[in-house]
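Consider the single chain below, provided in structure tokens and representing the form predicted on its own.
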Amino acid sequence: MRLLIKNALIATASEVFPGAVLSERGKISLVLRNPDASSLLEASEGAFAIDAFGMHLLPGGVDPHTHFDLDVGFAKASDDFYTGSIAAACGGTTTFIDHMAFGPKGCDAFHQYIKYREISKDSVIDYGLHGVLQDKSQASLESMRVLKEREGVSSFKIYLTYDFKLDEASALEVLKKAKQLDITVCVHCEDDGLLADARKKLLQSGRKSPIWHASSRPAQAEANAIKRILELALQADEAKVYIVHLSSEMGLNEISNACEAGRKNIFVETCPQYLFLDESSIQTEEQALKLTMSPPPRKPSDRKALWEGLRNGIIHTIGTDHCPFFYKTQKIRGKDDFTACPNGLPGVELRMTLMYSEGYIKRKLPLTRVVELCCAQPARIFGLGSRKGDISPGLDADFVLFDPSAKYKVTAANLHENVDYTPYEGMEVEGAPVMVISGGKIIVNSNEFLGRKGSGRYLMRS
């Protein structure tokens, strides 16, 4: 249908202005600046009109980092692609790119891609998939080429820790191949040797309670791994690297040093949990279990440094790393041994709200910068810039309307995430997404989901 949104304050990645937007057949057809009555009357002919007076109209959010339906062997994430995408939509996100889990030992990237294309069909919003590499075999390297050319998978993830970690030689081979294919390599940066040593010392001394998890993953491990992967990317002729979930000032400093040296093709993501939570958020063992994630919450000084990184442009995107597990039946496994607790926490529904409330309203981060971080730059970096992330004719008609006057306390009971807690319980926020539109269709109105199962489209990415 034709849809007209009028009397809005439109926020793009470059400016905020009063205007109206017309969409037809799922695409933006017209953007009107300061339209007069006659222009609005002409645009509204045959259109369903929404009066957005007093509200901000933002592009639909693009979350570049989710883990829906993630199976870690002894536990599975509580949100699948259906429930997780509903939560994302209700929070103003209309596109996400999911990181596939590891497959069986010896499998190539095709194995997980085929599995994920099947389990992702229930998504209610548009989505893409990051490939995952478990080794540097010729089959895995060749799968990068085929999946990019045939399936539009233009990014692949590697890990420098966990069971299928890549050593430096293997990571370098992947980066060289990625450079040839113009593929972005997403990297989980933690020094596995340092982690193993820290974990061993804690366990040998009997410090197994969940309160010790954060000590088992020191910031130095992140900084070491970031420094090394940037050196390897340079050896690979400036291959594109995307640092996921940056959590520390030490890690940020390594990236700053590289940027000051004139390095290119370095992209950086942080997450709300590192901007709004820190070690002071963990006062009890219950809180420690709920906030068991990798990397863990850092010091208040790290939070401060990350906010500065958002302001000065060193950090490019806000992802969620959404990977929820039920506290009462899954997280509780780690009550006597933190290594038995599944890592991850919810957050996909609150990303846009937190950045609007805490970033734009309270910390005076320009609204255009919020749009860059949450919408435009994730779309551009991952090959969706011609369709998603901004408000311009020809792009998909994906929008979220924010009411800046709304004030409320966050509570898990009012969220759509399929989990029994939120790490932001009781947080006072200002501004709420009151309507979400995907492909020109209203899918959320006043926190009620109106879309349908399976309506999301798999996106081929350039």
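Numbers follow the displayed sequence, beginning with 1. The structure displayed is predicted, hence computed values, not measured ones.
In what follows, reference is made to the form predicted in complex with a small molecule, a form of this protein that is not presented.
Checking 383-391, 87-95, 348-356, 318-326 against the small molecule in the predicted bound form, the stretch whose residues place heavy atoms within 4.5 Å of it is 318-326. Out of the listed residues Y242, F81, Y113, Y159, Y159 is the one that sits within 4.5 Å of the small molecule in the predicted bound form by at least one heavy atom.
A heavy atom within 4.5 Å of the small molecule in the predicted bound form is found for one listed residue only; from N224, N343, S216, T184, this is N343. Contact check for H188: a non-hydrogen atom falls within 4.5 Å of the small molecule in the predicted bound form. When contacts are judged by a 4.5 Å heavy atom cut-off, M293 counts as touching the small molecule in the predicted bound form. Although the partner is absent from this view, H416 stays clear of the small molecule in the predicted bound form, with no non-hydrogen atom inside 4.5 angstroms.
For H67, a non-hydrogen atom is located within 4.5 Å of the small molecule in the predicted bound form, even though that partner is not displayed.
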